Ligand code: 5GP
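Okay, so here's just one chain, in structure tokens, the form predicted on its own.
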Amino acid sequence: MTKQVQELIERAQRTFVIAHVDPDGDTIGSALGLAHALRKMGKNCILACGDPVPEALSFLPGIQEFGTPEITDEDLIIAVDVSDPNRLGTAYERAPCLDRPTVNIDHHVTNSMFGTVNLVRTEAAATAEIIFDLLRDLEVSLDPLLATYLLTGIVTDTQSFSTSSTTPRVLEVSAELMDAGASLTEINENYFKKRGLATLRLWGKVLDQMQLDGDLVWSVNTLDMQNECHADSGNAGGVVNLLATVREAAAAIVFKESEDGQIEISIRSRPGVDISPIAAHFGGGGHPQAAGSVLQGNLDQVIPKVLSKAKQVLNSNR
């Protein structure tokens, strides 16, 4: 499969790279790294994402390139870290149906294999690890910026090498990226240790609303809370990880209201508890310990349905 992707990239002159909605460090770092490498190969590249890049990733050069441009005469579409066409967002959900090849590069176990060519490796700790191997096959040399993009993807998706997906191989890749000029200290400092005032205020609101139901802890991130804190919907992206540290809970869920009338659910769990079936049941995807989905409806409609399914899944894990 890697050979087919390599051939498509080598033939293409104009590429369109799409990150998933509600973007995280892996999709943004992988997309930026791939775009940087394609340009080193002499190719044109446009970056797209249906949602704004979160504040925590503002330290990465080039994030201002992300927006929602139209797909025009590009001859190759590449979806990065996208498990399902729904995760492309409304602006690009039809992209896999266009009359040009779509490459799907991902590591989620719930990937729906929607691409013309699917480079999906579920054993990879992050999509950035797959991009690293692909660029080696394309004979693109590492430089400090490219290494920073890819290490950001790995570090953020493994929670700084603390998840069960952290393997000896990804540690070796990360060491090579550090040798090429990426700073693990700066990535950790910028992503995990710096929060805006609006973010912390919003986190406080979310924590104040949390509820423990059996071994499940959950909370909400409403539009009213966001407006009161002068925060946008992306400011509370990491709070679900904090909820997941509750000693009495096996899993955590945050329900986030969006201005488009949808509810985004973010789910986390402790090691050994597979919560990906919850997200998959509602058309989403992810990993055993980190998953999510987007549902239509209001909080009063969505919360009972999701909690019911979550309890069923948690019971099956026992």
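Start at 1 with the first residue shown and count on from there. Given the structure is predicted, the values throughout are model-derived calculations rather than measurements. The term rigid core refers to the maximal set of C-alpha atoms that superpose within 1.5 Å between the two forms.
Omitted from view is the form predicted together with this ligand, to which the following refers.
The shortest heavy atom separation between P54 and this ligand in the model of the complex exceeds 4.5 Å.
Although the partner is absent here, S269 is not a contact residue: none of its heavy atoms lies within 4.5 angstroms of this ligand in the model of the complex. Proximity of A251 to this ligand in the model of the complex falls outside the 4.5 Å heavy atom cutoff. A290 belongs to the set of residues with a heavy atom inside 4.5 Å of this ligand in the model of the complex. This chain is displayed without this ligand, yet in the model of the complex the stretch 79 to 87 from 147 to 155, 97 to 105, 79 to 87, 163 to 171 comes within 4.5 Å of it by heavy atoms. Comparing the forms between this form and the one not shown on their rigid core, the Cα displacement of L47 stays under 2 Å. Relative to the superposed rigid core, I9 undergoes a CA displacement smaller than 2 Å between this form and the one not shown.
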